[in-house]
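Just one chain follows, in the form predicted on its own, and it is written as structure tokens.
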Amino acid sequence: MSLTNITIIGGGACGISAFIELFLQLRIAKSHREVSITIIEENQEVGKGLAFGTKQPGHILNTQADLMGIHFSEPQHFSDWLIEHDARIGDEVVDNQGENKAFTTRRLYGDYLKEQFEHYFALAQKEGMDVQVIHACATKVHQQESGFTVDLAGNTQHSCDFLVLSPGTPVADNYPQLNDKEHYFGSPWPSDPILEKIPKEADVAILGSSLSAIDALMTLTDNDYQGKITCYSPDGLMPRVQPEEQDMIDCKFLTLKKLHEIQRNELRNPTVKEIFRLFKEEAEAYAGGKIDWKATARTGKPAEKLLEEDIEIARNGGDALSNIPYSLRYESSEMWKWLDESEKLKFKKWFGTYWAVNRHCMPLINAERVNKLFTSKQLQVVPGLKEVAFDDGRQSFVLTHGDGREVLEKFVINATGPASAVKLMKSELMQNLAKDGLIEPEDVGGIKINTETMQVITGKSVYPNFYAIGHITNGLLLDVNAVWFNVKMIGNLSRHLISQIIGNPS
């Protein structure tokens, strides 16, 4: 009897979590000997990937440890692991307010992922389950009458009955014309090419000023770079700063209850304007009085001045603009699902940048390091970036701003952040999936899926045996940067997928 095969493309955090949960539920249902699981991972170490394979001590998780557990319904598992392994961790816990609230290095989290995978992979083998890892790059998928065939680099193929697409955080290919330039680095990760090719005394341009740019800054400062560093971005906004002790607000206005009241009273979904009105009520209630909303605008203000203010605010527990999004982390994705697509697009246009800088903050320790770079005049942030090109005659990158001003740079690191739109994802697999009609881009970002089961949707059809998880679902599921949220979705995926194979287990 041939085994039913589940194949997971991607062995990062989401892929590992899916593997573990699928194995556990199949083993509990005593069906694990009837099903095989294959993981396709191009890196030699499962669990590391781009972000967690880093060697840099300044690359720090932007979420505290008690939300980073990889096991379904156990978000605190990583913080428990830290406590259990305290003797071997040393300086890898870099901003420790007690293990549960620790901020750790990404390389330590990569060790945790790798250890969890190896433990459950060995356990699955011991329990008699057929499991394997194929170290190869998946480039294309063919739909068969039953299941799929996956093309792998090296002209080999792999067939499966169920396919789980978990390719990790997609690198942006928003400057494809620069990819062949020697001194252009398409991502802050891995850091080795940057360290090998950029002299320590050279001036460096970083495209972007978000969390990815902070990682690029940490790579340079961890390795004692002496040249001037300039972050160029359209808005010049940096992430805000994560408070040491962040208030969890018991929201009274911006709640699922209030939004559902709009649905049942108006027989429609809420609008962005209604949500913002409720947010303003919530913020002013928390602040204890009226807020000058015009004064909260950040564009046009010097990044170094804003950072100084944000560090002080973080040391005092944060403010309404950062603490409310943080407090809504368990509800925000459900609220997002209740917006019509046109309203989601309005939200991204009107508030997307402000949501990002307030919801995804940098750890205080990194903020203080960035502040030192500003103080020493080594760093500046320049807003208004419009275009980037390469001038062969001058052998330099030309950065053009909205006012027509041009700046020449010799070394450029693209740290604009992960790609939201499928067409901008630097992934042969994703581009082929879209070209072949196996996935359908969502206008807001990512691909179309059933948000309850995580099944891939094209047109009006649901693929019964094709699933997707992680950042590629960003348009329909807002919090795909959060491990705890992805793990929650993986629980839904696993239950549905297993029910497809063995029915609903009792």
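Residues carry their position along the shown sequence, with the first being 1. Every value quoted in this text rests on a predicted model; they were computed, and no experiment measured them.
A second form of this protein, the form predicted in complex with a small molecule, is not displayed here; the remarks below concern that form.
Figure note: of the listed segments 444-452, 458-466, 474-482, 25-33, the one touching the small molecule in the predicted complex, with heavy atoms no more than 4.5 Å away, is 474-482. Looking at Arg240, you'd find every heavy atom of it more than 4.5 angstroms from the small molecule in the predicted complex. Interface membership of Glu440, defined by any non-hydrogen atom within 4.5 Å of the small molecule in the predicted complex, is ruled out. The closest heavy atom approach of Leu429 to the small molecule in the predicted complex falls within 4.5 Å. Residue contact check for Ala136: one or more of its heavy atoms lie within 4.5 Å of the small molecule in the predicted complex. If you check the small molecule in the predicted complex, you find a heavy atom from every one of Ile40, Asn43 and Arg106 within 4.5 Å.
A heavy atom within 4.5 Å of the small molecule in the predicted complex is found for one listed residue only; from Pro167, Pro325, Gly110, Gly208, this is Pro167.
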